[in-house]
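As structure tokens, one chain now follows by itself in the form predicted alone.
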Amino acid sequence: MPSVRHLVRPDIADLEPYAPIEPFDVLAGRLGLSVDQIVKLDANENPYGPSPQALAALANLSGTTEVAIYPDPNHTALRHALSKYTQQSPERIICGTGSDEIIDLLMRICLQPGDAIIDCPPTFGMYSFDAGVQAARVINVPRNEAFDLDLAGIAQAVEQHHAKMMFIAAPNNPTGNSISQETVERLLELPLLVIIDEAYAEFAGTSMAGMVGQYPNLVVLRTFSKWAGLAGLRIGYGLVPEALIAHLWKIKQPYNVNVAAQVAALASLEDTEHLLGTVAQIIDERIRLYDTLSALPGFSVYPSSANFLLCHIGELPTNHINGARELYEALMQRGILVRFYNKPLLRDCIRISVGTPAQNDVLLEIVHDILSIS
């Protein structure tokens, strides 16, 4: 049999694959638990799910005409609804299969093999992953111990490596800290494209969306995955200056956002009062969870403006559990799914997505039980 190994780009052959979260139904089967025994707090999804109007709109998608024909390639109705939501012109809005697709498209129009991007770990792994797919160089400028950006280091790296773009998650994932407008303005003085990824903006209550158009090198990304509970439908969008968005339209797959995603997103924008109400509930629970976890021995919890909390796990009051990995595994065996990290600046850390009050109660009860705290 002939080999096809020589047909694959060498850089792709050597590329480390992105590690997504294991589906919880698969994990439930592996653990010998039923799906309803699993408390899923590992991927920052909205535990309240979509709005009732979005669910109703999806349920009404039964006509042959709606499903059998291709979706609007220009997302016309959705872009106009997003214009009202973001106060940006429809001409500056492009939709994608999650904001992940917009990340990929931005890199495609800007990066040639060997070009450099600035990455500021610890942060969302999709930036460095997609850069690898484009055969770009990833120049790491690590954050400090408080997870703030090293502005001097970034400026030096941009000059030294002629970097063309950088992505800043705001709030940052997995650390939860936000970024000031002053910091963004300083970054925009550099000769590169600055993309602010606002996947968690609704939980932070702050946004740089209004700055798009004022700066030719600023892009803001948003998503329906978190605040609107539509992670499974993969729908996001970018706010992009006109001179740049024209090139994104050239290379976007024509029918990239499916009918169901567009319908659900439109219905969500008509039901923002309900959705922002669930956002408020998650923020209340984030505060409660932060206060309660911070009081536990061995837990150092970082402040967060998102819908998750990063916890550094130190010495625990039990001989049975030693460190973050063993705590993560013990929680998983009991059906509590959280995210474990063991990378630079994230040694012995777990990230906990904020659940419903009932889910958070189960988490806290099991943590107390594991640590044998009465």
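Source: prediction; values computed, not measured. A residue's number is simply how far along the shown sequence it sits, counting from 1.
Although not depicted, the form predicted in complex with a small molecule is the subject of the following passage.
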| field | Contact test in the predicted complex: residue 178 vs the small molecule, heavy atoms, 4.5 Å | value | no
| request: Mark residue 124 yes when one of its heavy atoms lies within 4.5 Å of a heavy atom of the small molecule in the predicted complex, and no otherwise. | output: yes
| query | Counting only non-hydrogen atoms and a 4.5 angstroms cut-off, does residue 262 reach the small molecule in the predicted complex? | reply | no
| 4.5 angstroms heavy atom contact with the small molecule in the predicted complex for residue 199 | yes
| said: Going by heavy atom distances of 4.5 angstroms or less, which of 105, 117, 94, 169 would be at the interface with the small molecule in the predicted complex? | reply: 169
| Candidate from 288, 137, 234, 247 lying within 4.5 Å of the small molecule in the predicted complex - any heavy atom | 234
| Non-hydrogen atom within 4.5 angstroms of the small molecule in the predicted complex for each of 229, 278 and 359 | no
| message | If contact means a heavy atom within 4.5 Å, which one of 263-271, 82-90, 206-214, 221-229 is the stretch that engages the small molecule in the predicted complex? | response | 221-229
